[in-house]
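The chain below stands alone and is given as structure tokens, in the form predicted alone.
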Amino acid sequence: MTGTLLAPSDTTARTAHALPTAIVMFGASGDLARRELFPALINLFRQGRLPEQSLVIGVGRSPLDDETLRERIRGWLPSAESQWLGRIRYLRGGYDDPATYAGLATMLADHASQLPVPADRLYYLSTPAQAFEPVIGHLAAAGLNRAVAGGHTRIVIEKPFGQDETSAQRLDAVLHRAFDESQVYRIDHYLGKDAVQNILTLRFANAAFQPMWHRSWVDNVQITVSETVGVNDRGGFYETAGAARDMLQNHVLQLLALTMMEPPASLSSEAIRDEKVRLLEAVRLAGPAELDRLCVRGQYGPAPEGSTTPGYLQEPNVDPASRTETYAALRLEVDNPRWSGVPVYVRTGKCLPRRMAEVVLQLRRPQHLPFAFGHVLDDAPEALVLRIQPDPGLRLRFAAKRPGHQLSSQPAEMTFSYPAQTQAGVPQAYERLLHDALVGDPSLFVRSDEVRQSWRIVDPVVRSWAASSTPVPSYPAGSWGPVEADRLLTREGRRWHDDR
């Protein structure tokens, strides 16, 4: 299937030009800066989307200076232009040291004095989560949270936003003492993926699909975000997070909200985020007595013989007696008129067979089949599959006549490949999100009440698992998770959409 069925559309804000901006990157010598942030900034520079006379100030504890940071970036990005590298400066200092922020104030004032127009400020917190509160508090104490006359001051915060609902509310209180909610950009990089945004276009720009998004058509909804890798050298972080906090609370629930929310009154950022919050408010988890039955966790063990993949307990910086889950699956329901009675199965895990993110709407069986097609439909139920990664696009699975003399059926598909529709490269998630933060478009960022609702859903699960003395089920690395996750569906006459 070809054409422009799902062609994306940019908002006016995304094509706008921002004022010159001082981008202050806390954690500039870290892994996220190397892998995502500096590559995103250089792409924006090459596209003419990084405002003229902007400055990047890297803040970190590593013993660097301007030139050594630039040399490090040249090692990460050999094609980086000297003109772009010349915009980068480095400030060494502790995140809880007032002298760091006095030095930052001086650098920002020097930059502003060289400009003929007011400058914006964008603070990006790519630090460990425990540094969020000290950085926010010291920015406010130094007066750096206030917007300069004629400009804007914004702050971008990476996940995790809290470890539970209580800590998220505490972090929100610290944040709101220093910044107005309109200045805050809580980043979830999944929302920057073109294929995730394309869900809105698919749903609301195509009359053919709108009736399908309803309990009359949909038997169940499945959301899978899977990774093939283990925790590798992130064992220390993962011991404090686990799959539920690391993936369910943000990426998975954001996909659920976008897929199942009601049509917004407009495409404004607040209208879209209002509907996401309403959807999350309607999500229902099992009561305490049913949590064990409807919430499944697992921990990957060693791969089958012949593979060198270690189990989670053998990974560096992991407690050999750890009960941290590397796999999580839940059965949820959405208590509203559109989705009442439709089960929603979500799962995420590490060391699974494929790296993918997809949303599956499995359609209801026809009430009456005049021919013996049932066995085909049982083997491959009709489904609309929204693939986020890899090969983002759309697949519609249905039954078609098998070629030949007999009237029998076989599974068939219509597919749409999203990348095939453009010759220009699709912007990377951080590239789009950084630009949106620069121009002040919060549409793809998470609002405070979204965070609260996400933790409301995940918190009871995490608490239940922490209090349980039941052994954490193990699954071999490279499998689709513990058998208990299959039973989550099979006892209701369903199965996971695995494409095995």
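A residue's number is simply how far along the shown sequence it sits, counting from 1. Treat the numbers as computed from the prediction; the structure is a model and nothing was measured.
Not on display, but discussed next: the form predicted together with a small molecule.
* Asked: Looking at D194, D292, D391, E227, which has any heavy atom no more than 4.5 Å from the small molecule in the model of the complex?
  -> None of the others qualify; the residue that does is E227.
* Pick from R234, R92, R87, R215: which has a non-hydrogen atom within 4.5 Å of the small molecule in the model of the complex? -> It is R234 that has a heavy atom within 4.5 Å of the partner.
* Spell it out for me: taking the small molecule in the model of the complex, does every residue among M247, H251 and R355 have a heavy atom no farther than 4.5 Å from it? => The answer is yes: all three residues contact the partner (heavy atom, 4.5 Å cut-off).
* Asked: Want to guess which of 69-77, 267-275, 115-123, 182-190 is within 4.5 Å of the small molecule in the model of the complex, heavy atoms only?
  -> Of the options given, it is 182-190.
* Taking heavy atoms only, is R387 within 4.5 angstroms of the small molecule in the model of the complex? -> It does not: once the small molecule is placed as it appears in the model of the complex, R387 has no heavy atom within 4.5 Å of it.
* Do R203 and the small molecule share at least one heavy atom pair within 4.5 Å in the model of the complex? -> So R203 does not count as contacting the small molecule.
* **is_contact(K159, the small molecule) in the model of the complex, heavy atom dist at most 4.5 Å** => Yes, K159 sits close enough to the small molecule in the model of the complex that at least one of its heavy atoms falls within 4.5 Å.
* Asked: With the partner left out of view, is H138 within 4.5 angstroms of the small molecule in the model of the complex by any non-hydrogen atom?
  -> So H138 does not count as contacting the small molecule.
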